[in-house]
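One chain follows as structure tokens, the form predicted on its own.
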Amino acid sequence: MAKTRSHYVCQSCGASHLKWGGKCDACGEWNSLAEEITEAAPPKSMGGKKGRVLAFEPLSVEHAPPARMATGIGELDRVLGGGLVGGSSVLVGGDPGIGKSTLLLQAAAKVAASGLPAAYISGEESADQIRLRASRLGLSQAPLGIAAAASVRDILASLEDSPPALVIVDSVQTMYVDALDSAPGTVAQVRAASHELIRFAKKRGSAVILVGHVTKDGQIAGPRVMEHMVDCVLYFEGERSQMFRILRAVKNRYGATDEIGVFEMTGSGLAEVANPSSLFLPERDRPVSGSAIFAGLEGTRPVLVEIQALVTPSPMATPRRAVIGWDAGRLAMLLAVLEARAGFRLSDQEIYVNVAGGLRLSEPAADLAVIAALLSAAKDCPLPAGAVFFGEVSLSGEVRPTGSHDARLREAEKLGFTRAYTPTRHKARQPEKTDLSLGITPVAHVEEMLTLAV
């Protein structure tokens, strides 16, 4: 009989400990160690039997690209790189109530309606609850197979004989492998359940989508190795108070990373947004101070978004700095650059910066737009009408070039903008040398921005 071995696993980082402790030595989390009992397998020697000899292939062999299976939702297909690939595994994470289950139920119903078999398995809802949600979304007539189960053994036994083209498991934290003596949701169970479902996808050629819960820090709960095991990791972002949702790819073996899809939450489910720039741009009759339009890039998609700034005198010794949708550390750097390189002092002012529409920006190219919004707010004077801004600002105050210059300008021109303030190294690309009609104002240093809002 095999011996059992007891050890304690951190539920935050997955580190294993021989003894229980109040604090995990690996990640520093408190009260995160849980006991897990496993069977110790007898050691096997590798000297008695030779392994199988691998047949190496040359890198230059031509092969056809993997076939794609369209989900019927254009924004989801865009983020996936053109659709689902047979035998692939996708992990979708997001805050509770953000719309993960709604989106995947819509995708599964559209795949089933196209004639491909699809299965939706939930460990959180009963079959009647799934039907009720499908009825609310207008999907009751879709030929979709649904089941409420949590045992991985039962799920694989049900799918083995006739594997569907698409399998959705909602969620992986509710699944359990009966060979392990631990509760569902623990690190060992999540790792084992994910491994079995991914192995099924590779063996039978089905596309498997796993729904993952997230922690309070916004990371997918469970061991980090789960994100390494899957082929694609998607995060569903958005605020509950906002009706817009953003699906972002942070890992994709079959497409571009940092690609986004934009959805709008409606009474009948999630609706695609074909032109996201129109959502994030202001609709006002007259210009206001502290507002700058940034020509950004999310993956391969150019997106125009409004950056808002508010500057007001502070009664406190340490003025407040508040940032929503952008990096607070980068704002502090830009304020220091403005004071040291351009002589524009804001250290005694309270500063608030917001990215409109709930979008989160990570591009350094937003530096020039943020500086333009700050200067406009500090001088209480609107920026030139019909202008967009993009460019990275260095510590010396120089405006550095950014990628996808033409794609940003084309998106701005399509939406009716007439002028773009860009890094000076793109000065050679004037409109007369391209088919662009909007004017380009090159900016070499942040000092040149001081004359914009006057």
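Throughout, we count residues from 1 along the sequence that is shown. What you see is a predicted model, and the numbers here were worked out from it, not measured in a lab.
In what follows, reference is made to the form predicted in complex with a small molecule, a form of this protein that is not presented.
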| property | result |
| --- | --- |
| Proximity to the small molecule in the predicted complex (heavy atom, within 4.5 Å), stretch among 67 to 75, 89 to 97, 181 to 189, 287 to 295 | 89 to 97 |
| Single option in 267, 329, 115, 313 placed near the small molecule in the predicted complex, where near means a heavy atom within 4.5 Å | 267 |
| Residue (of 198, 159, 335, 137) lying close to the small molecule in the predicted complex, criterion heavy atoms within 4.5 Å | 137 |
| 4.5 angstroms heavy atom contact with the small molecule in the predicted complex for residue 174 | no |
| Heavy atom of residue 102 within 4.5 Å of the small molecule in the predicted complex | yes |
| Residue contact check: residue 251 to the small molecule in the predicted complex, 4.5 Å heavy atom | no |
| Contact test in the predicted complex: residue 133 vs the small molecule, heavy atoms, 4.5 Å | yes |
